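Presented as structure tokens, the chain that follows is alone, the form predicted alone.
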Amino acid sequence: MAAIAGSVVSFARPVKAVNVSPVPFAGLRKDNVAFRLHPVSQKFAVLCAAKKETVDKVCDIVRKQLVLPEGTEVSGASKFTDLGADSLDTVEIVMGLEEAFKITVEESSAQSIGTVEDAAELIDKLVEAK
């Protein structure tokens, strides 16, 4: 007979399952499985590979290129499409970044840029390679 042991994955609030016993599949229904969850301390943090200054400057350039209303949140995780950018806007953003950072972005690299963080990481890499 097969058995199932439980563990929990939560992105919103870290938790772990405790005192979990194997539960046989025979007669398994939603209402007869229970887990006690306890909060656990956050042990890992996601770090951006790009420098904060680069991310901030890219955010400013994106705001200006897309003429975003004041108060519109732009962060490293912001996707250009979520900010209303189409493919032409993205090309203009890349051109603005090239001018501001005095770099040249290859077309293949430019196509992989989808977020502010993607752009900032690429810029840091190109500036470092100079």
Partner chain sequence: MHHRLLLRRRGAMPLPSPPQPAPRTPGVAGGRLFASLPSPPPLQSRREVHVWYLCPDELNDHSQLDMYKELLSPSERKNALAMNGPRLQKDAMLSRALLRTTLSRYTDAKIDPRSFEFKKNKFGKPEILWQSDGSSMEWPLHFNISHTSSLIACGIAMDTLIGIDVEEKKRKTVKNILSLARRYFTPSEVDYLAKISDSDAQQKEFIKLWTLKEAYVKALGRGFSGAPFNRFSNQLETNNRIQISKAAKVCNDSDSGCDYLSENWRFALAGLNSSYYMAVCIEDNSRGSENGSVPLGLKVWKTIPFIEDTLVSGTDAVKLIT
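Since this is a predicted model, take the numbers as computed values, not measurements. Positions refer to the first chain, counted from 1.
The same protein also exists as the form predicted together with its partner chain; that form is not shown, yet it is the one meant from here on.
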{"property": "Candidate spot 82, 96 and 105, all three touching its partner chain in the predicted bound form (heavy atom, 4.5 Å)", "result": "yes"}
{"property": "Proximity of residue 60 to its partner chain in the predicted bound form, heavy atoms at 4.5 Å", "result": "no"}
{"property": "Residue 53, heavy atom within 4.5 angstroms of its partner chain in the predicted bound form", "result": "no"}
{"property": "4.5 angstroms heavy atom contact with its partner chain in the predicted bound form for residue 49", "result": "no"}
{"property": "Residue contact check: residue 77 to its partner chain in the predicted bound form, 4.5 Å heavy atom", "result": "no"}
{"property": "Contacts with its partner chain in the predicted bound form - residues in 73-90 whose heavy atoms fall within 4.5 Å", "result": "73, 81, 82, 83, 84, 86, 87, 88, 89"}
